[in-house]
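Starting off, we have a lone chain in the form predicted alone, written out as structure tokens.
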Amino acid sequence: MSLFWIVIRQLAEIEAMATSKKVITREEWEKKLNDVMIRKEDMNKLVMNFLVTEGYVDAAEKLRMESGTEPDIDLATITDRMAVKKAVQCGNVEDAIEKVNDLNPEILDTNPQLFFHLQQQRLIELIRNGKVEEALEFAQEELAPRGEENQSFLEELEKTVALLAFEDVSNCPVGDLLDISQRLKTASEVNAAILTSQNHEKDPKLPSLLKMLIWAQSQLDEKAVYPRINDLSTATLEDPTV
């Protein structure tokens, strides 16, 4: 074999070694995981943070009693916050606004975007219930003045009013405003605002950690074959496939 082909073969072998992925067995991976020390107290705090932020007051109280983990917020306020969230999810926006003001009037006074979205949701509910004249009057008196001051508000108002132009909302390009997902979106925004007013994180930490896990695995996929977690609901390690 000529020297030329010997050199070419060696270069190919070196390149293959450089680009091949490292294979990590389940035994090696589990040993690495077991070497990571996580305090039970920290896990309890993580769970408590999720329960408090998402409003599972009964579960939070039970965790507090069983583990001694103290929430960083008064659990009594969770019930009030969930009442606001439920009112929006049920379409009772006026009731939700009253409840928010009872909790803290500054929440809506200092957050014009949130107040507009709540008023927009009131308009959507009027349209949903077929109250056309009332909806037009409400849009003109309550929302139009805010739209004149804010271009993004005006665009959202125009989209909402466009629902009135369609008898069959299934053919309406903005028909998604009548979906339950729109209520949930508004309810989530109110929930976040109340949490912020109480000096609490508006989002639980657990979902962020799961997103970090997904990102870390995607980065590791480029360099190694390892026992992967594909089902986050069970966190089961799946054997690596070479």
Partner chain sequence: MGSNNNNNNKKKNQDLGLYFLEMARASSSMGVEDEKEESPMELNTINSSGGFLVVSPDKLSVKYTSVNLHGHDVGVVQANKPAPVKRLVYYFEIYVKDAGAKGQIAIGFTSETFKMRRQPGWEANSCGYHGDDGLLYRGQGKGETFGPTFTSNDTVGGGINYASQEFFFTKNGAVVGSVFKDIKGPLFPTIAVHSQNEEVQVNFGQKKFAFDLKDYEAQERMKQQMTIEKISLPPNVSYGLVRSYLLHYGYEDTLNSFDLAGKSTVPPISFAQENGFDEQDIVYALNQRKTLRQLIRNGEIDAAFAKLHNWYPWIVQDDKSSTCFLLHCQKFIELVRVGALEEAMKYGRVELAKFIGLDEFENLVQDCVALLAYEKPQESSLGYLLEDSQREIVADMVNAMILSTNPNAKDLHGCLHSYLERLLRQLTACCLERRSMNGDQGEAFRLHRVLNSGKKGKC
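The term rigid core refers to the most C-alpha atoms you can superpose between the two forms while keeping them within 1.5 Å. Residue numbers count along the first chain shown, from 1. Predicted model only: the values in this text are computed from it and were never measured.
Separately, the form predicted in complex with its partner chain exists; it is not shown, and the next lines address it.
- When its partner chain is considered in the model of the complex, Leu51 lines it closely, a heavy atom lying within 4.5 Å.
- Interface residue remark: Ser188 is not counted as part of the site for its partner chain in the model of the complex, having no heavy atom within 4.5 Å.
- At the 4.5 Å threshold, heavy atoms of Pro207 reach its partner chain in the model of the complex.
- Although the partner is absent here, Gln182 sits far enough away that none of its heavy atoms falls within 4.5 Å of its partner chain in the model of the complex.
- In sequence order, Lys205, Leu206, Pro207, Ser208, Leu209, Leu210, Lys211, Met212, Leu213, Ile214, Trp215, Ala216, Gln217, Gln219, Leu220 are the residues of 205-222 having a heavy atom within 4.5 Å of its partner chain in the model of the complex; the partner itself is omitted from this view.
- Comparing the forms between this form and the one not shown on their rigid core, the Cα displacement of Arg26 reaches 2 Å or more.
- Core-superposed comparison between this form and the one not shown: the Cα of Thr196 travels less than 2 Å.
- With the core held fixed, Gln182 shows a CA shift below 2 Å between this form and the one not shown.
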